[in-house]
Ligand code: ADP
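Here's a solo chain for you in structure tokens, the form predicted alone.
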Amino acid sequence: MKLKVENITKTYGKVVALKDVNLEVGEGEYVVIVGPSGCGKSTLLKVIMGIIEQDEGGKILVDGKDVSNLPPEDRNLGFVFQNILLFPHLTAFENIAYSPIVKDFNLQLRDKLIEELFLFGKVDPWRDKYPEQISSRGIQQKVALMRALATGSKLLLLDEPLCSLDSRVRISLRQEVKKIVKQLQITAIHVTHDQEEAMSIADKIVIMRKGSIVEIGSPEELYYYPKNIFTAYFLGKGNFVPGKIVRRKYKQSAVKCGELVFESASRFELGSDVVVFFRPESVVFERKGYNDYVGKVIEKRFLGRQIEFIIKVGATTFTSRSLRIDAPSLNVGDTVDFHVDEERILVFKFPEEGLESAFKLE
């Protein structure tokens, strides 16, 4: 099932929740919408569902059919809320069977669908238990997911479905959810505020900010090669160093950042104010000939599988991360030679509003 969102706007008085949003989701894609709190991601999902009515002028197309003016029950969409909203007076089986019974599915088809969902979701041990008898919130949410899938819809909307779970359950369940969706060949749109969750499960990530879509791409594209500086800031940790283009040759530029000079591809003119960006893992502890520096370790952090170093070069500090098994034996106060991978350096135009405002989450 395909989805197309065209020019969707939603206002509440003077507050603009969504502003001219356009989005296409291909059949079978698992798309994750991520952004800071209040950016409009849950509002967009509820507009697609029909729970919230968009302002005039926009359209919601499902497989080419305009469903903009249809009530939720006629849009044939499955929906999983962030709060686990199971019917407390029904068992797990009865919760999952609710939609097929209400929609008067063929009896044979209904029983086959329900049994398949119990198999896919691995929730058979809780078949006859009421929600209050299921102590695991992860299992409760899996039952809620199976209930949404039991509608027979091929488009599933998930609004922060894992946010109320503890971290270990959340990490395990997010992979299970994607696996089930892919096995059933369903299209899914999943809203979350968790960047790591988004990158681990998405085929495509949609970055939102202040009611608008900032950028769309694969997790790898948006993490290493974002086109927007807000995407670079929001989707994981990064180094941002203001500077100026002091030399250009073909598509290669030299950017002077205080006492440092970075060599990288750039489309900006000589003299342009820019920001050099690279991820912590692009800092490599050896000399290479390009973007070589000597710094001092001013902080060391143990992050489980990774070690993070804060390195100072002149007046500039960098963050570096290495897998613990590959990390050099460095301590605070040590001098270190390192280079920054030229292919992983991006150069952005310096924001007119300043870096602080460009990174503002509100």
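The first residue of the shown sequence is 1; numbering continues from there. These numbers were taken from a predicted model, which means no experiment stands behind them.
What comes next is about the form predicted together with this ligand, which is not displayed.
Student: Between the options 328, 58, 36, 28, which residue brings a heavy atom to within 4.5 Å of this ligand in the predicted complex?
Tutor: Flagged contact: 36.
Student: Report the stretch among 39-47, 330-338, 307-315, 63-71 that approaches this ligand in the predicted complex to within 4.5 Å, counting heavy atoms only.
Tutor: That would be stretch 39-47.
Student: Would you classify residue 17 as touching this ligand in the predicted complex, given a 4.5 Å non-hydrogen atom cut-off?
Tutor: Flag for residue 17 set to yes.
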